[in-house]
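Before any questions on how it binds or moves, here is one chain, the form predicted alone, in structure tokens.
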């Protein structure tokens, strides 16, 4: 991984591998200040950008549901946040997702998917297969990006729904987009 300055790249969309930079630029434009995350290879470039930004605070979590409560608290304190997690962590959040309906705070989560395209780990498949349905049953709108050129548009739409229309939104970043993990011995 390479270090980058906080300044946005004007040509980020020209490189198909720059979608994490596109997401970072959108989060800055929407004045996102708090970014709770569970460490995840699929979000590693974005997490690196957040940790290097003086305008954002990356907050490592021990479990994903802590992030839902943290975003509620951030909003109550006058700040916007986004929760970064993997699809396997969505199941951990089911009870906490009710906060988004009760308190009507702007909730945005970016979810790297597992259990899809080329998955090697059978433990990832059940939650990966039901992630969208879990969110929808919890009252969270679901958007999905599967190819680099659509990431910017999908995340922009998700951020607009979450922060402008106060509509809880999950953006699923497909395993095809982030790349299938390979088991090595």
Partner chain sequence: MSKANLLDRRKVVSSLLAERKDTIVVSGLGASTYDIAAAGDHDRNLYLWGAMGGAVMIGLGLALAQPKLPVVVITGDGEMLMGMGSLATVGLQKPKNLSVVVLDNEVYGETGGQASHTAGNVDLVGVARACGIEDVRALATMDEIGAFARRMHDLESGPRFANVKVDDANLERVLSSRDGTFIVNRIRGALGHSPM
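Numbering follows the first chain given and starts at 1. A quick note: this is a predicted structure, and the numbers were derived from the prediction, not measured.
Heads up, the form predicted together with its partner chain isn't pictured, but that's what we're talking about next.
The partner is not drawn, yet in the predicted complex one stretch among 55 to 63, 120 to 128, 135 to 143, 42 to 50 has residues with heavy atoms inside 4.5 Å of its partner chain: 55 to 63.
In the predicted complex, residue 69 approaches its partner chain with a heavy atom inside 4.5 Å.
Looking at residue 164, you'd find a heavy atom of it within 4.5 angstroms of its partner chain in the predicted complex. By the criterion of a heavy atom within 4.5 Å, residue 79 is counted among the residues contacting its partner chain in the predicted complex. Interface residue remark: residue 91 is not counted as part of the site for its partner chain in the predicted complex, having no heavy atom within 4.5 Å.
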